[in-house]
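Shown below, as structure tokens, is a lone chain in the form predicted on its own; questions about how it binds or moves come after it.
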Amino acid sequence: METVFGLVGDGFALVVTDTSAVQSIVVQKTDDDKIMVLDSHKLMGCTGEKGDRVQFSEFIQKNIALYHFRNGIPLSTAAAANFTRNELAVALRKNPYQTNMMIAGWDKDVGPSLYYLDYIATLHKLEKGGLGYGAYFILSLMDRYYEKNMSVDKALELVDKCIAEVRARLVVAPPNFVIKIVDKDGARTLAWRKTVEEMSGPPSQ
């Protein structure tokens, strides 16, 4: 029951995902970070099959780094999103990846931007959006409470509303979420929202 969503605010973009790793009826871990830092000013939140998600996100991250190394300039967020879309479209006709993603970035001349990309290589530029089962509940909240050029504090209030709705409405709701931000200062973790702490060993006697 994975969830990824994001929004664009005043000079920044946020990406939020759940952090549950699930196999069948078993929760394997609750601190699985599904938001890949592609470079200093880009984030990619992914959901989907674990193998596809990890392999594809790392493949994109390394190719973006390779482009920068070869050419001396980084890809823009739009170029990175279109490159990712092209790789997904090529794989779709051979061995498709079962993964959906939200790509966020900040560019000097453009500012923050957010892209929606699903497993059949549909790419859209958005100001707010979500994927996964949680999106059924949060998109209406975003339509109601999202404002253009929101501050970070207001954006976090909306994120908290969305997380609370997913926890209340989704039949198998993930307990923990990670929130990452990208702005002129770079991409980084902004906050965690936890209701379950990961155990480091067996239960105490």
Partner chain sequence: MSITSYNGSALIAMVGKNCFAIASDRRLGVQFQTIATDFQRIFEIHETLYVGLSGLATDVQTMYQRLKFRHKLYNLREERNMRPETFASLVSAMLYEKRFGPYFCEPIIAGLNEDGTPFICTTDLIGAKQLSKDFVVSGTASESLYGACESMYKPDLEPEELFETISQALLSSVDRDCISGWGGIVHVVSADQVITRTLKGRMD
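Numbering follows the first chain given and starts at 1. Keep in mind it's a predicted model, so treat the numbers as computed, not measured.
We do not show the form predicted together with the partner chain, though everything after this point is about it.
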Work out which of the listed stretches, 170-178, 62-70, 132-140, 150-158, brings a heavy atom within 4.5 angstroms of the partner chain in the model of the complex.
132-140
Does the partner chain get within 4.5 angstroms of any non-hydrogen atom of Ile120 in the model of the complex?
yes
Is Tyr116 one of the residues lying within 4.5 Å of the partner chain in the model of the complex, judged by heavy atom distances?
yes
Can you tell me if Arg93 lies within 4.5 angstroms of the partner chain in the model of the complex, counting non-hydrogen atoms only?
yes
Heavy atom of His124 within 4.5 Å of the partner chain in the model of the complex
yes
Run the contact test on Asn82, Arg85 and Ala89 with a 4.5 Å heavy atom cut-off to the partner chain in the model of the complex and return yes or no.
yes
